Every structure is written in C-alpha cells, then in structure tokens.
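Given as structure tokens, the chain that follows is alone and in the form predicted alone.
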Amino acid sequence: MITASTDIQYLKGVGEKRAVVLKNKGIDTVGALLRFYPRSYLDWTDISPISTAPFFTDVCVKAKVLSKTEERKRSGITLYSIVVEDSSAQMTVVLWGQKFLANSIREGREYLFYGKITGGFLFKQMSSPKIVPAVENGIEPIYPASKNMSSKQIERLIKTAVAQVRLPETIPEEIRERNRLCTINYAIENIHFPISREAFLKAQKRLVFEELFILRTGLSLLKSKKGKKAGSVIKQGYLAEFKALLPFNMTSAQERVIKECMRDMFSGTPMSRLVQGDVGSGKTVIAAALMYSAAKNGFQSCLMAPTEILANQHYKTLLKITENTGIRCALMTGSVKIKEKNTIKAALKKGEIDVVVGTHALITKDVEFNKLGLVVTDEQHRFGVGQRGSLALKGENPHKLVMSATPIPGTLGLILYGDLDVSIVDEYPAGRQKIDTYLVDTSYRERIYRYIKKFLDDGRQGYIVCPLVEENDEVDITSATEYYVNLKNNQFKNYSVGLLHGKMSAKEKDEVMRQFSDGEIQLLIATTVIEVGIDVPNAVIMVIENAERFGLSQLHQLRGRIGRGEYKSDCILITDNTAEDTLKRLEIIKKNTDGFKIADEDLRLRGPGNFLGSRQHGLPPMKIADLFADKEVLELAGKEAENLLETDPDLRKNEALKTEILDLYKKLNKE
C-alpha cells in the first residue's frame, strides 16, 4: 500500500533511476512529491479573441487552422507558417524546425495556441506557441524541470500519487472552519490540477496558511518549553559596579535592556532574549555587563562571533573593561595555535576561565565548560538556525543572549527569532556622528580621490569597499586586489594603503586590522569582510564601488563602520547603473539612516531569500508562502498556534501537525 511516507522509488512510474533524479530535487517520499508545487500554470480556459489579445503577453487563443506552408531557410532550418482564425480576426503561427508538431496539425480543426503575440494590429503573429487540440482545455501545472525529467513527466507522477494517497490533516477542524480553509486533500488536488480558478485560490489560501501555521506552531512550542527548565540563577546584578568600570556613561537604552535581561536571569528560568540595535548602538557593552554579572555569580560565559576579526575585537573590548577585576578572559578562534587551544580547553573544563570569546571553534565537541551560565551569539542570523542551541548544550540550561546589528524586519523576525523575547537598543551613545551619504557615477572618481586625500592629510582614515576580491571578466565590476595595486602605485602612492579581503588568512586579516586601528594604514581597500563589528573611530570617509551590487541593509552595515568617533563622516556610493529601480533603491540608503526602515524596504524590494543571502541563514525555504506578501497570514497563524498550544501544549491531539514540525526542524538542523 502506497502512503505519504513511502519511498518515492516505489511509486508506479518511478523506479531506481528516476528516484535518484527526484531525490536530488529533495523529493524522497510520495508525500514530498505531493508537496512539490507547480512553479506556474498555463490557463487554457482563459481564452482571448485574436483581435483584442494584448501584445507581448502570454495569452491563450482558440482558433481554426486555415492553411499551412513550409519554407527551407539558408540555415537549414525549416520555417512552418500556419494561418489560423477565430470569429474576430486572423493571425499567423510560426514554428521553427518543429516538424513533428507542424505535421500533427490538421487544416480545418480547432486548436488552443498559448504564447506571446507580436507584429501589428493588421498582421498578428505568434512564434513557437504551445499547441493542444481545442478539446484539451483546463489549467495545466508547470513544474521545475531538468534535463533528466520534464514538467510533463513530473505531472504524470503527481497524478498517480494524488489518485492513490490521502494526506493526514495537519490543521485542527476548529481552526479550519474559523479561517474558512479547505481540507488538505482538496488543497493538494487543486494546487496541482485546479478544476477552476476559484478552486485554485482556495487551495492556495489553505496551503499558505498551513505552511506558516506549522512554522509558527513550532516556534511557539520552543518558546513555551524554555520556561519549564531551571536555568542558572543569577542572584545579584552588580550593575553599579560594572558601570564604574566604564570610561563613559551608558545610554538609557543600554541600561533599560540590561535590566530587562537581568530580570530574566533572576527569574530562575533560562533567559532567551534577542538584543537588536542599529550599528553603533552599543550592544557589546550590554553583553559585557551580563557576562560580568555571570562571572561575579560564579558562572562562566561564552561569546561566539561569526568572524575572527569580530571575535578579536570583542575580546579586546572585554579585556579593557575587566582589567584589574580578577575576571579571567580567553580567546578561542581557528587561528589560535593548538598548544594554546589545549591550554584554554583545560582551563575552561576546570573553571579557571570566566569568559571565553571565539568563533565556530567554540562549538567543537572537545570544548567543555565547568559551569556555563551564559551563552552570547553575535549576528546570530549568520550562523544558521541549526547551530542556535549548540553552545547551550554545553551547559545545564544556560541563559541565552542573541545580538544582532542587522535590522531584521518584523515579518522575518517572527521566523528567525520567534522563540526569543526581544529588546531593542533604540538610542546611540553620545558622540556618534551623522553620516552624509552621496550617490554619484564614475565620472566623479578623480574628485572623490582628492576629497579622500583632504581627510587623510588631516590625520583621518578611510575605506574604499569593492564587491569582489579577484578580477572577473564576466562581470564588469571593480576587483579589490586590482584596485588596491592601482591606487597604491598611482593616486595614493604618497599614502599608506592597505588591503583586506575574505581570502586572506586570519593572521593576515588581524595584522591588517591592527595596522589600520593603530593608524599605520590610512586608506583601507576592503571587501564586505568589514561589514560587521569593525570599530575605528578615526575612520571618517567611505567610498563604495559598484554600490548597485549590494543590498540596502548591507550598504547600511558598511556605512556603519564610519561616524563612530567625534569627527563628521561621509559615505559616497558609486554606480554607473542607470536602471530606474536601481537608482530608486540607492536613493533609499542615501536619504535614510534608520536601519529598520532600510531593512523593511530591502525586504520589500528583494524578498526574504536575497535579503538574507543564498542560504537564507536558517530561514526555512518557503514552498508556497511569501513572507512579505503574506505577513498578515503569518501573524494570524501565530495567534492560532498560541491558542492551540494552550489547549494541547504537547500536540498529543494533533500528531500529524507534530510530525510536520519535527520534519521541518530536522531539515533545518542539517543545514
């Protein structure tokens, strides 16, 4: 008997070879095949008269064949011209080299022609349309095809599966009725083979809601579970003592967020909190205050950063703050020598280190803690959701703090951080300078160089950011390496110029950043490796080449590397791209300094996949829902999820839903 969990190989028409092709598409079971939705449709039911059919748009025309002619071209390809007509007008259908199709068409018979109309009002033409007999009308699904499997072959397999398999219901009947949702099997049948447009819309509504409902229920489940565990109880905050260590006054926003975090840590249940703030809002000081408190209460802390540069910077900041306090700090990154690493590991296990800062090196199995009480991750979305709990497993339900300087719009935040409480740092420390942003083309480059030199001559420093490290003949963008050599030997030969990019070793990066921080390098040519966490208050000018190649949030992150000290700062975006949508996008970054507004625009313009990058950084790939367009459904699904968990907290009455949630998080944890 075939069920949803049956291996795809055993569905009639598949077999071993096709199973390999399907599994490469992520289709390993019959249920997964049913959830492999069409990417588009051909609607043979929406017929346009030839006389009024729009040009350059896919349309369906129902017409009778009047005549056929063929003409051999010099290229050796035969051109078939077919004159057709309906009650309103005539048009010519052109087929290039499609002998079998041309021979199958009979004069005097009616066909449906699906394609784009070109030509003029008196002479309309359709080149290489899709053609079927007029009796075969309906809505045809189009699936993502490959050279090993066509859309039609996938369609036939799905027809077989739909006829044989009934999926279990994932949404409780009460929720379905309240939200006017159809059943799962009606939805599956009509998303693949809609009997009408109305049926398709019903199916789509149901499946969009279901996808977001499963996601939100899973996140709500995580959030409800966390409160049931006993965490590391922090009895005293030591905030006044910590503030006395700082050479500056904290902002009221920093103090408010620290108190929100400490309230969680005093509660006896593990803190799970996101601290989100724009670039330069002072989140590191918040983490330092909490780690100081944990150490004074006898617990160890760890801070994981996505890059060695950022980990080094956090480590140096903590060393300055905790100097002469007796709190023992260590740095654990991939470039730390094995002997030193082993010493740190042994000290962590014995409890001789209070705070350890590092990168992914902290996640390895041989890193053990004596009494881990607080886990901090910086720029969490860069790690992927599968790693969120890895460090926490090294302690007995430690407190968890997630920091992000990348403003995540509310819609995405519900997904990425739906299991966390949120604190916003909405105030800048004193001394942060406003940054003026300019948008110019490459004709201004020499003037820009002269402008940079004025800052360098005054003792300030600057960045020039390029998208690529090495020259690429296929894409006309500036290479950081080539650019560096050119500037160093020509326009800036009398200045100290440095180069920083992702392909350099950690040791090389650290040395370049040390030289830049110490003022030995005046102008740094860099790629986006400087996007997060680099803090050089003396850097006041940034030029971003090929600005159209970056997302708005990324441009905002890069811009945040300047204006960090007492000096007025400028950011110059260079592009020769004159496309209206590109210039409109760059105008947004020019006119806005609020990272959250910029992030919302970025999400709206680029979609969630491109907003977060190719791996989507832990965001589950949506099969049918759109996180921006369907944000109201996302919120509704969240409310329904919370209501359901109040009456069925362990989903014992909803096993099919529980299975879908477990499958989703298994896939995410493999990433």
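Every value quoted in this text rests on a predicted model; they were computed, and no experiment measured them. So that there is no doubt, residue numbering starts at 1 and follows the sequence shown.
The form predicted in complex with ligand ADP is left out here; the points below concern that form.
- Stretch-level contact analysis of 206-214, 299-307, 512-520, 282-290 against ligand ADP in the predicted complex, using heavy atoms and a 4.5 Å limit, identifies 282-290.
- Ligand ADP in the predicted complex is not approached by Ile234, whose heavy atoms all lie more than 4.5 angstroms from it.
- Although the partner is absent from this view, Gly115 stays clear of ligand ADP in the predicted complex, with no non-hydrogen atom inside 4.5 angstroms.
- Using a 4.5 angstroms limit between non-hydrogen atoms, Gln125 is distant from ligand ADP in the predicted complex.
- Remark: Arg585 does not count among the residues lining ligand ADP in the predicted complex, judged by a heavy atom distance of 4.5 Å or less.
- Exactly one listed residue, out of Thr251, Thr92, Ser335, Asn185, brings a non-hydrogen atom to within 4.5 Å of ligand ADP in the predicted complex: Thr251.
- The contact with ligand ADP in the predicted complex, taken as any heavy atom within 4.5 Å, belongs to Pro537 out of Gly351, Pro129, Pro172, Pro537.
- Using a 4.5 Å cut-off to ligand ADP in the predicted complex, each of Pro429, Arg432 and Arg564 places a heavy atom inside that distance.
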